[in-house]
Structure formats: structure tokens, C-alpha cells
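There is one chain below, alone, in C-alpha cells, taken in the form predicted alone.
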Amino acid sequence: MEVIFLGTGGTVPTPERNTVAVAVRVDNEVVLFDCCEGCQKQIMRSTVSFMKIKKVFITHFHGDHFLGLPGMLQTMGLLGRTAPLEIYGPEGAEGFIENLLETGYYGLDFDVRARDLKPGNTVQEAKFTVEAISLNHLVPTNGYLLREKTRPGRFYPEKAEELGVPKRFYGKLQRGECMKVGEREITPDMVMGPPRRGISVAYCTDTTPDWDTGAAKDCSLLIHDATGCDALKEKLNTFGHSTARQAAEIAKKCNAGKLALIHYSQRYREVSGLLEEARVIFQNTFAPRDLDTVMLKHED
């Protein structure tokens, strides 16, 4: 699973960074979280293909999180897209997207399907799910948890060999099928370990730190609002944001594998200070730059 940080800044783009958008590539499919102003230019500078984006999840309808949608939709149309595009968001998403499509002359040859997601609602795909998480911001806001579905257990060829299974039938057992060797039935559990948990990415911005973190428990990667330093905590929390230190405290509470800071305020040209504050609490923290890509691999 690849995580591509198309934009890492908050509220206002700067010469150093765009506002927020993150693409997650699962096999050959791309899920886009938020679609900032200038997102399509960032996509063109990355390894992401417009045609591979199947779903877009908007956290909320402040401009720095969705104003890139009109341009991206028109570009998809100009490139000849025919596959439908699904757009999800918090309460009011369907109305916002319908109004957006009425602005200007689109002439799209593909369907745009918008849907509200309440916290706890889940979108199912063949290999993963995306669950909406309730965040605490000034307007209705969702976080999202993308979770790879449970993978089959590890296959042990030495056990299959001991049972007399011909190698040409190994694949059958790995696919969960039973077979016979002589008069004995061989079942997959005889040659395979227990199911393995998939990779998960929690995308949580914009929010104060007092949101229900249960849904993000044990996530492989937590991407969390880190708008500023701890000295600005009171001000940032009042405006529905978190500090880098607070993001680290959430990561520790969630038992996250890694923490990525995001939504840096435009006041910071460099974010090394934010990274230092977070690492005091949660060592496995990094501060991505625009167009950084992180590869998440299975632990086993």
C-alpha cells in the first residue's frame, strides 16, 4: 500500500507546500482523501493517475479541502474518463457536490455519485473498506479509516509436503479449497496459519484532539492534524485544530504504527520544530513534504 502526500499544508497554500490531499494506492486502485485547490497539478507531478482514482473522501467543506474538485472533474472529462467517480463526505456532501456540478459548463461523460457518510458508515471494496470517523471541528467533519481486509494465513509448504500433497495442488489449498490425498481429506487449516490483519491508514484532519479514537486503534499509519506548536494549543483548539504534540499523544493512545503530521499552518516555513515536539511523545513520527510517498508493508 502506497500513501502519497499530494498536499500537507493547512488553510492557505504557500510556496513550500500545497493544502491538504492524500492519495492511497491499494494494488492498482487509488483512493483520494480531500481534494485541495491545485490538487490536479500535484497529481500530475506524482505517480498517481487520474483514471485510477475511483473514490474521493472529503473530510469537510472548508475550501482548502474540496476546492480542487471542479478542476479535477473537468480534467478527468477532457482525458476521456467514462468510469463513474464516487465522492463521499460528511453531512451535506450530496448537496454540496450537486451544487458544484451546476457551477460552470461541465459536459462530463462519466457519472459523479455523491453520498453523505455518517460516522460508523463503511464503504466496501473487494480488498479494503473505508469507515467514516467522527472528528471535532467547527463544521461537520469526518475522518476516515482505510483498512485492508483480512488476508489469508501464511502457507506452510513443509506441512503440505508431510501430508503428501503434490506441489501442483498447493495453490488450491491457498485459495481456501479442500482436497483429498488418497482417502484423507486435506483442509486449508492443516497447512496454513491463522488469518492475518491487513494494513490500515487513519486520515484525521481537521480536528481537536478530543475525538473518539477507538476506530483508529492499532492502525498502521495515523495521519493527523498538526497545525502548530504546543505554545499555540489554546488558540488552535479553539479553532478546531491540534498541535503536533497532541497528534503524538493521539498516536500513542491509538497504538499506531507510525504517525504522519499534516495540515501545517502557513506560519511555518520549516516544520522541524513540530516534528521534535511530536517525537518527544511518539518516536515513530515523520513530517511529510508535498509529494512524499510512504510504502506500507505487511509485517509478516
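In case it trips you up, residue 1 is the first one in the sequence shown, and so on. This structure is a prediction, so every number in the text was calculated from the model and none was measured.
One more form of this protein, predicted together with another copy of the chain, exists but is not displayed; see below.
Novice: Heavy atoms within 4.5 Å of another copy of the chain in the model of the complex: does T14 have any?
Specialist: Yes, T14 sits close enough to another copy of the chain in the model of the complex that at least one of its heavy atoms falls within 4.5 Å.
Novice: Would N237 count as a contact of another copy of the chain in the model of the complex, using a 4.5 angstroms cut-off between non-hydrogen atoms?
Specialist: No.
Novice: Examine L78 and determine whether its closest non-hydrogen atom to another copy of the chain in the model of the complex is within 4.5 angstroms.
Specialist: It does: once another copy of the chain is placed as it appears in the model of the complex, L78 has a heavy atom within 4.5 Å of it.
Novice: In the model of the complex, does R45 have a heavy atom within 4.5 Å of another copy of the chain?
Specialist: Answer yes; at least one heavy atom of R45 falls within 4.5 Å of another copy of the chain in the model of the complex.
Novice: Please determine whether each residue of N18, G68 and G104 possesses a non-hydrogen atom within 4.5 angstroms of another copy of the chain in the model of the complex.
Specialist: The answer is yes: all three residues contact the partner (heavy atom, 4.5 Å cut-off).
Novice: Just to be sure I understand the contacts: of T150, T187, T122, Q74, which is the one whose heavy atoms reach within 4.5 angstroms of another copy of the chain in the model of the complex?
Specialist: That would be Q74.
Novice: If the cut-off is 4.5 angstroms on heavy atoms, which of these, K52, K41, K253, R267, is the one near another copy of the chain in the model of the complex?
Specialist: Residue within 4.5 Å of the partner: K41.
Novice: Counting only non-hydrogen atoms, choose the one of 177-185, 220-228, 112-120, 91-99 that falls within 4.5 Å of another copy of the chain in the model of the complex.
Specialist: Of the stretches listed, the one contacting the partner is 91-99.
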